[in-house]
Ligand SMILES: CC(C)(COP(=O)(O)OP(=O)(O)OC[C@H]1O[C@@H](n2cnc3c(N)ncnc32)[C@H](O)[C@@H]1OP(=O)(O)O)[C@@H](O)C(=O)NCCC(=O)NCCS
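First comes one chain, alone, set out as structure tokens in the form predicted alone.
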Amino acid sequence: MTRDMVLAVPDQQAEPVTPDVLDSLLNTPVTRGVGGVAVWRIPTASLGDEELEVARDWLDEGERQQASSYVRAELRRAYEIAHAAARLVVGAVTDTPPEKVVWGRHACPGCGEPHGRPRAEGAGVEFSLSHTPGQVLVAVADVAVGVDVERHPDDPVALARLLHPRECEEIEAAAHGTLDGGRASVRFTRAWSRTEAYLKGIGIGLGRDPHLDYLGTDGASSRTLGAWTVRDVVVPEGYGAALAVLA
């Protein structure tokens, strides 16, 4: 995997992706519309404990162990809902019961080991999932795909140092009121979710330094990096999200 810096080219005319909303994992039919990629959003507050208890039975032993490793209940709940929703969505588009979906991993593009993008064994689709307290996103596509959703942070300037230097400068300028009237958290979440979606899509995740890729903090809803298109996803106030799709 190259370590060269990559700068995205924004598209000021493109619209963000509006996901379908699943407010239930048991009573809402999942249908994939026309096109190569589909995105679903699950507001975690919409799922009752009884419904989640049913959906937990779909998870495999590895997922249950990972869920139990979360100390904070809101993080554990978001993880469980995300994995149950991914099973529901992938199962629906491949005609497989959610509890019968078997997860695997693509080879990592950096080292070749099987810890790259997630995949469903025997399924002819690619998928990605992301969760944060309050919101879950799941994307399914015919090509490599990555999706990410994030809550606005309390201290975006400190976290901005993890990003590309230009993005860090933009976030600091917003925090000081010289750009966007102080919307530093919005700018950080744009850049971070775009970067995460892209890195998840290529399958290396944070194995590639986020300093290397400039996705930008501006309001343009779409941008390209080589063969990849990264588009913002419509999510409620207080969150940011993005979808990366291989052309």
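For clarity, every value in this text was computed on a predicted model and none was experimentally measured. The first residue of the sequence shown is number 1, and the count goes up from there.
This protein has a second form, the form predicted in complex with the ligand, left out of what is shown; the following refers to that one.
**Q** Within 4.5 Å, heavy atoms only: does H131 come near the ligand in the predicted bound form?
**A** Looking in the predicted bound form, residue contacts with the ligand include H131, since a heavy atom lies within 4.5 Å.
**Q** Indicate whether the ligand has at least one heavy atom within 4.5 Å of a heavy atom of C108 in the predicted bound form.
**A** Yes, C108 is a contact residue.
**Q** Residue-level question: is G203 within 4.5 Å of the ligand in the predicted bound form, judged on heavy atoms?
**A** G203: contacts the ligand in the predicted bound form.
**Q** Using 4.5 Å between non-hydrogen atoms, is E150 touching the ligand in the predicted bound form?
**A** Taking the distances in the predicted bound form, the answer for E150 is yes, it comes within 4.5 Å of the ligand.
**Q** For a quick test of understanding: in the predicted bound form, does each of Y79, H83 and G207 have a heavy atom within 4.5 Å of the ligand?
**A** So, yes: the whole triplet contacts the ligand.
**Q** Looking at heavy atoms inside 4.5 Å, which stretch does the ligand contact in the predicted bound form, given the options 109 to 117, 170 to 178, 153 to 161, 93 to 101?
**A** Every other range fails; the passing one is 109 to 117.
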